[in-house]
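Coming up is one lone chain in structure tokens, specifically the form predicted alone.
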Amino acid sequence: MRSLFITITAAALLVSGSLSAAEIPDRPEKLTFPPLTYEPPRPVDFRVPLKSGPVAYVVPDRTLPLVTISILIRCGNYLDPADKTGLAEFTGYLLARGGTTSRTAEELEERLAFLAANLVSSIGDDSGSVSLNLLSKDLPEGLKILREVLTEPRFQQNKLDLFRQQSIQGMKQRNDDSTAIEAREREFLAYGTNFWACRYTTEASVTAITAGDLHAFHHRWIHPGSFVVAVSGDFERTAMIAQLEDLFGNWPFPGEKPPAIPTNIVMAPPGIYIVNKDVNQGRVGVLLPGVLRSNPDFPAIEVMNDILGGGGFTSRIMNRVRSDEGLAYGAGSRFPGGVYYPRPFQAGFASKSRTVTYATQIVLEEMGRITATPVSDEELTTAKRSSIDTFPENFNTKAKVASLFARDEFTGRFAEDPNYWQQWRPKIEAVSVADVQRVAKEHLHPDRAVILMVGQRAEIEQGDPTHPVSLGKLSSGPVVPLPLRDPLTMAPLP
């Protein structure tokens, strides 16, 4: 198959006249290609501040007879009352599923199915969304339905009761999966148990939510002043702008401007935090304080993390933990830039309980090594080319263009840096070996890490007989047991 592919490629090049027979290399890795020339689209070419309130990104695409409208909403779980955690989530879920003034939930579902239209709504931690996808010929009716969903949702009682029941059933499974336990406890350690993003729904909080609460939340926060819109598909630009003005004009209620998203995060002190869970594999997360995406060093941080653990099989952590030692199927690291508050650096893997401490030691060693020794030119080039050469994928459909620019508008990136995407590749290209080591030294301190382990504690402490590593040597902090939590109340269990 491989030889056939090479033969076909060579033949195609000959036919196109780009290579002569004498120029065809004898090995595929010897093929050379001209530098990629690509300029990303500019948001200003699609940006439309609507008179009715929202900013819209309008991107025509006549490839298929489809239209997609996505509305980002400035609201989120951070707006939940303390005694009704889950209210935003319930409102978002039922907005498009709970019927409207003129249609029951069942009638709305039936009509959307007849139109082969997909209408979905949700509200997450720091944003909400409503999206509609349908055939362009049905756009006028689809816009009428969307308008009614946004302005006159019914929040039908039986749909509310069903979603409440499903939510409580889901809560009961919170301690079944070690992956979910790790994700939950990782947030508590990274942000603090009092941070709004670490408030979880409970049986009591969702039982307290009424249809009246949903209506009140809707009237308070869901209005055009909080919308950013992405539209792509089969339409004429001027006509679509007029339709959007009608969609959002003459809103029946004023709504309120949401408060700023709280940023009072408090990371746990360094140490080993263990949740005892009888599972075949132990899960590990190594945490350190993070940065905002606006940090001037963020391009260098991205390149550094790609070399350390974010680059898959080309990264150091993956090569040592999986390829060299065979301790985990996957291992790596993430260093995301936070939008509203710093998000933590995280390295992690899952391994047999007996090899957890040894694999953790390797991860910490690699974190220390990248701060102590300059990376190689080959590693730097691989990391930068990976980012730069895949860059056009961000814009390879008109829907992606509209969505990406709308998200940038929503999070303030466009206001801060309208030319962000034009400058991104030069900033990555400019990262040097010295830059990588500098940001590693600034942000990676293995001795200060917060290390979370979920697994069989006795087995983890016993360790691997061929590579004995004590827990106490992995961190400058103490070993702290973390109890499982009651799945319905989220209170720590005895």
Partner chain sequence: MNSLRLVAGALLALVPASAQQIPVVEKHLPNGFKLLMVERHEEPRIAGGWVVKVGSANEQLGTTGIAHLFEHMMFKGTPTLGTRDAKRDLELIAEQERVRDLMRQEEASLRLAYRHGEISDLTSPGNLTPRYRELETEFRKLIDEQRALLVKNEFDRVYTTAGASGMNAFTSEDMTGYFINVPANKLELWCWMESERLLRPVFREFYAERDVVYEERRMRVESTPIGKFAEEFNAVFWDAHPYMWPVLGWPSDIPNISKKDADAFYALYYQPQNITIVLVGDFKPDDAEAMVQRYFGRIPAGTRPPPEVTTREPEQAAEKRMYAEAETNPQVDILWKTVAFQHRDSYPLDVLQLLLSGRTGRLYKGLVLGKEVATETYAQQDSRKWAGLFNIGGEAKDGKTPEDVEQGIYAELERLKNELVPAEELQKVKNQFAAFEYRKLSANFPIFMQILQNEGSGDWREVNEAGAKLAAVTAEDVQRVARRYFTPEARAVAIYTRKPGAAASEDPDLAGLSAEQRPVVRRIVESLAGEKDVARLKQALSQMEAQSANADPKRQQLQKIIQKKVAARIAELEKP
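Remember, it's a predicted structure, so these values are computed and weren't measured experimentally. Numbering follows the first chain given and starts at 1.
What follows is about the form predicted together with its partner chain, which we do not show.
Listed stretches are 364-372, 185-193, 339-347, 274-282; the contact stretch with its partner chain in the predicted complex is 274-282, by a heavy atom cutoff of 4.5 Å. Though the partner is left out of this view, L135 does reach within 4.5 Å of its partner chain in the predicted complex, counting heavy atoms only. Although the partner is absent here, P296 is not a contact residue: none of its heavy atoms lies within 4.5 angstroms of its partner chain in the predicted complex. Its partner chain is not drawn, but in the predicted complex it has no heavy atom within 4.5 Å of G212.
In the predicted complex, its partner chain sits within 4.5 Å of a heavy atom of R27. Contact with its partner chain in the predicted complex, defined as a heavy atom within 4.5 Å, holds for exactly one of D417, E109, E256, E148, namely E109. Distance criterion of 4.5 Å from any heavy atom to its partner chain in the predicted complex singles out A328 from the list A197, V130, L87, A328.
Not one of P49, S102 and D246 comes within 4.5 Å of its partner chain in the predicted complex, counting any heavy atom. Along 470-485, a single residue, L484, places a heavy atom within 4.5 Å of its partner chain in the predicted complex. The Cα-Cα distance between P35 and P296 is lengthened by 3 Å or more in the predicted complex relative to the form shown here.
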